[in-house]
Each structure stands twice: as C-alpha cells, then as structure tokens.
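Only one chain comes next, encoded as structure tokens, the form predicted alone.
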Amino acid sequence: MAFIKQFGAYLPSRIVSNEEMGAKVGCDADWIVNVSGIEQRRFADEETVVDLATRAAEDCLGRANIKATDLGMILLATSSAERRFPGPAVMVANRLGLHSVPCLDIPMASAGSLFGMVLASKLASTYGNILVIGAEKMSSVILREPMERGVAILFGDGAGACLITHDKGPARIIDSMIESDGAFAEDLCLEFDQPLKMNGRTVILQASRKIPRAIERILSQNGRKAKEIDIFLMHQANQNLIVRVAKALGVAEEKFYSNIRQYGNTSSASMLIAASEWWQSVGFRPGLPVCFATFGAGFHWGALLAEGVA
C-alpha cells in the first residue's frame, strides 16, 4: 500500500500573454483562447529544468515538513532536459544535498508524472519516501525556428512535485493503470535540436478516446462510477480536450480541475502543478475518491485512483 503525502510546485515569474505569443507567430490573442483555453503562460528565461525541478521539490518537502535526507528515491519526468546525459534527476538530488539516493529520469512528455507516481506507488514499500517531480522548460522547444502557430501557442514552463510514501498520508493510492502504443510515435515527437512535431488532429482524437477509457477502466476495476469522483486531476493539455473527456464520462466540466488558462501546457509538469494548487485550496477529503489521468507523446497514457483518509 502507498500513500500520497504532499504536492508542491514552482512557476517562473515571467508571464507571457497571448498578445506577445500571437505577435511571434502571427495570430490573434482571442484565437488562442478559442482553440486552447489558454490566456497566458510562464517562461523561464535563465532558469533550467534542474532549477525548476529543485524549486518544486523544495516546495513539496517544505509543505510535507520532511528533510531531503528522508527521501529514499527521486523520479524526475521531463521532455525538455538540456542535455542527453546525465539526466536532471541526479542534479536535483545533488542540489538537495543527497549523494547516494537512487535517481531515475523518465524522459516522457506529458504522461511522465503519472508514470512516475505509479512507479513510486509500487516501489515505496522498498524505498520509503519517493519524490516524483515533473519539470519542463518547453519555451526552449517552442521558440525554435521555424515556429509553428498551432504548437508554439500551447506551451509554458514550470514544475510540480509529489511525495509518495509507504506508511501514511492524506490519501491512499487505490489502483492505477498505464499503457503505451508506439504506432503513433511520429504524430507527436521531438528530435534533438529540432522544432516539436505534432499532428494535432491525431493527438486530440486519440487523447479524447484513450483518457476516458483509462478512467472508466480504473473505476470499473474498483467498483466506482465517474459521478462519485470528487475531482479529476488531468494533464492540462487543452481546455477543449478536458471538456471532451468530461462529456465522454458524463460528468460536469467543473469536476475537472483546470489551470491551463494561467499556465498553458507544461507537459509532464502540468498534472502535478494542478494537483498542488487543488491541494492547497481544497485537498483530499476522507472517503472521497480522486482520479488522476494523463496522455502524452509515445503515445503513453493512464489513470490513478486515490482516496482521502481520515
């Protein structure tokens, strides 16, 4: 059994408006809102993925009131690391003062933080406190020339973190499922030093099918219905996609926490940033289930079901 103990997040200070992004790619600010639900995003000008991840890690550990030395493992998901190797996980550990704690990088866009949470829930009985981090500097990707209008407007920078432990916490992880399909690998990919390539129609179509199915499967396996879920914490890819998933499940759009308006799509950081904000404003309530869900390049997708405990 594993528990969610705390969340944390960090957003860079620079706010980039739709007017600024629209001027870069030749589109109207209102058009960006209509196609994505995004009004602004954050860019990290000088900060690196390691900087963002470390700040989110420190926020999470501080809120949990535990020391970095209490960690047994670090898992870090990112699709925008600045170099091939070593990955950012070990660098974050070093920043936290750790020199022998095992670190694992998950080079996965959008779905990486959920995959990290699932892995942590399985490994917590062996490694104890596991810190899962999702950190992205997508601005370094989308600002590469040639900039594509339908891609560049979507993304922002930030980091989120989640502390998973084996003994106790405000929420118990009930069940999870993760899946992958490489048949669509070319529809959403990022080559080294190249612009991001995305077939938007295919991505939205597959995401709008696979996310509801994953959620329905995890709920069915545990005798739950979508209407019983207190809140859905989903990867913040596109507001229109969130609405589609809600409709597919037959639940109100308000059941899906959304902060994409302020931050844009922060890839593997987005779900954890959303969870951290939700935690601080509402948080887990005893006996009420919460469902996490993601979809990303690969394609990779999945869902995780947790429940508040007394």
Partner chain sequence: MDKRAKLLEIIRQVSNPDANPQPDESLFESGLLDSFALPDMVTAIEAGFGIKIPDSDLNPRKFDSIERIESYLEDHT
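Positions refer to the first chain, counted from 1. All values reported here derive from a predicted model rather than from experimental measurement.
Here the subject shifts to the form predicted in complex with the partner chain, a form of this protein not shown in this document.
Each of 184, 200 and 206 within 4.5 Å of the partner chain in the predicted bound form, by any heavy atom, yes or no?
Yes: each residue has a heavy atom within 4.5 Å of the partner.
Taking heavy atoms only, is residue 244 within 4.5 angstroms of the partner chain in the predicted bound form?
Although the partner chain is absent here, residue 244 would touch it in the predicted bound form, with heavy atoms inside 4.5 Å.
Quick one: does residue 121 come within 4.5 Å of the partner chain in the predicted bound form, counting heavy atoms only?
Close contact is absent here: in the predicted bound form, residue 121 is far from the partner chain, nothing within 4.5 Å, heavy atoms only.
Give a yes or no for residue 238: in the predicted bound form, does one of its heavy atoms lie within 4.5 Å of a heavy atom belonging to the partner chain?
Residue 238: contacts the partner chain in the predicted bound form.
Residue 213 near the partner chain in the predicted bound form, any heavy atom under 4.5 Å?
Looking in the predicted bound form, residue contacts with the partner chain include residue 213, since a heavy atom lies within 4.5 Å.
Which of 192 to 200, 218 to 226, 140 to 148, 101 to 109 lines the interface with the partner chain in the predicted bound form (heavy atom within 4.5 Å)
Heavy atoms within 4.5 Å of the partner chain in the predicted bound form occur in 192 to 200.
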